[in-house]
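First, one chain by itself: the form predicted alone, in structure tokens.
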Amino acid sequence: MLIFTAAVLSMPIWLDPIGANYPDLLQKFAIFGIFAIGYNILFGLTGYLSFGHAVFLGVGSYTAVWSFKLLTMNVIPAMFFSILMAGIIAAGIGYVSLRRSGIYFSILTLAFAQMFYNLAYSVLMPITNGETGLQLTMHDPRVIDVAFSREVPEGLPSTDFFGISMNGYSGFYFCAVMLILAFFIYLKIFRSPFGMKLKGIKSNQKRMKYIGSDTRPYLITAFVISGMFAGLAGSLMAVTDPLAGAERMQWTASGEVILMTILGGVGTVYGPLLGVGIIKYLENIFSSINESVLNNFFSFMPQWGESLLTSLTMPFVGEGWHLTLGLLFMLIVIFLPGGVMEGLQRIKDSIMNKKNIEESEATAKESSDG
């Protein structure tokens, strides 16, 4: 935890050489890190693949914005109510969806996600403001702020933590502290008897039932905890940018967290965080590349070579950066089924084997000399 805490808090320093040290991207690393480790509690430990976790991300965002509008711009009530509401919604969805397993469970979660997405766009428009999204206005009541006579700025107010603005690096460090606390809880779950039960369910659920262990309460609990992590991530999205839209509930948002978890390593402690870092960094780099950038990059080539390489590369950058992500994902799945963590483990094993061989040779040489 000390090493992890130091690494997270010093991100602006060690990410500077690769141009990833600006607040907006750092906030994304922290927020989606919480989302991914929460998802790994369900998918990584139990093996239950949910296609609907973006529901809880969206619920957390909407709840936080309503807290800012009705109560106060302080982030603590917003986060509390977001986690609570996400947990309640997760309990309802989990109670129904976990009656099935395998692909049937996945389809049920996807159906719930699409249902909530469409409700946010149409039926629940008075609450969600439809496709325009829920935003702050000058006429919001903010009863707690009014009751305590908090100073109201001339324009739209900004979120704060007892007077500390949640913009820029202060917003990142707040999200970073939440990531550290979330990781501590996540680590405790992984190493607890409860976490061992979840791993047993993933290994052989039928055997768990045969020895008299009722797996359903454990699965529902894991689902609710995972949903609450997503609700926290959704609230932090609203904390750093106080608006909420139905696009955060779309199935593509659920697919993104699945990619992050698989890319880093399903069921590993640090894998989802590595997946978040890789995907969000690639999104930031490749999506910002356009034709003029490519022309400058290939300017050392003859004119025909520059035009050819630019035309071949363009589909993989800019708006088409997802094609690059897809190719990377295919390579990882084919050659490293365990994700990036498997690759790191292979490198570690290779180094250790080489070290053991050298030590064995040195011991044999000493014996022969003796």
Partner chain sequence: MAETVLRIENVNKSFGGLLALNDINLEIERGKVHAIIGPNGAGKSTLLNVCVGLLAPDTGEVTFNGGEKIIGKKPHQINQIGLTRVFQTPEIFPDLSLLENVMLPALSKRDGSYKMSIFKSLSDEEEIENEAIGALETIGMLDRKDTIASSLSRGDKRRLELAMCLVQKPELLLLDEPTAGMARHDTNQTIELLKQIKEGGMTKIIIEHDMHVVFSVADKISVLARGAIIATGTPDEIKANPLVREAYLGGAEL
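Everything numeric here is computed off the predicted structure, so don't read it as measured data. Numbering follows the first chain given and starts at 1.
Another form, the form predicted in complex with its partner chain, is not on view; read the next lines as being about it.
The candidate stretches are 97-105, 75-83, 229-237, 199-207, and the one lying within 4.5 Å of its partner chain in the predicted bound form by heavy atoms is 199-207. For the options Val123, Ile127, Ile211, Val146, the residue carrying a heavy atom within 4.5 angstroms of its partner chain in the predicted bound form is Ile211. Checked against its partner chain in the predicted bound form, the residues Gln114, Asn167, Thr221, Asn295 give one hit for a heavy atom within 4.5 Å, which is Thr221. A residue is said to contact a partner when one of its heavy atoms sits within 4.5 Å of a partner heavy atom; Leu136 fails this definition for its partner chain in the predicted bound form, lying far away. The closest non-hydrogen atom of Ile225 lies within 4.5 Å of its partner chain in the predicted bound form.
A residue is said to contact a partner when one of its heavy atoms sits within 4.5 Å of a partner heavy atom; Ile189 meets this definition for its partner chain in the predicted bound form. Taking the partner from elsewhere, Phe194 is found to have a heavy atom lying within 4.5 Å of its partner chain in the predicted bound form. Residues of 282-316 include none with a non-hydrogen atom no more than 4.5 angstroms from its partner chain in the predicted bound form.
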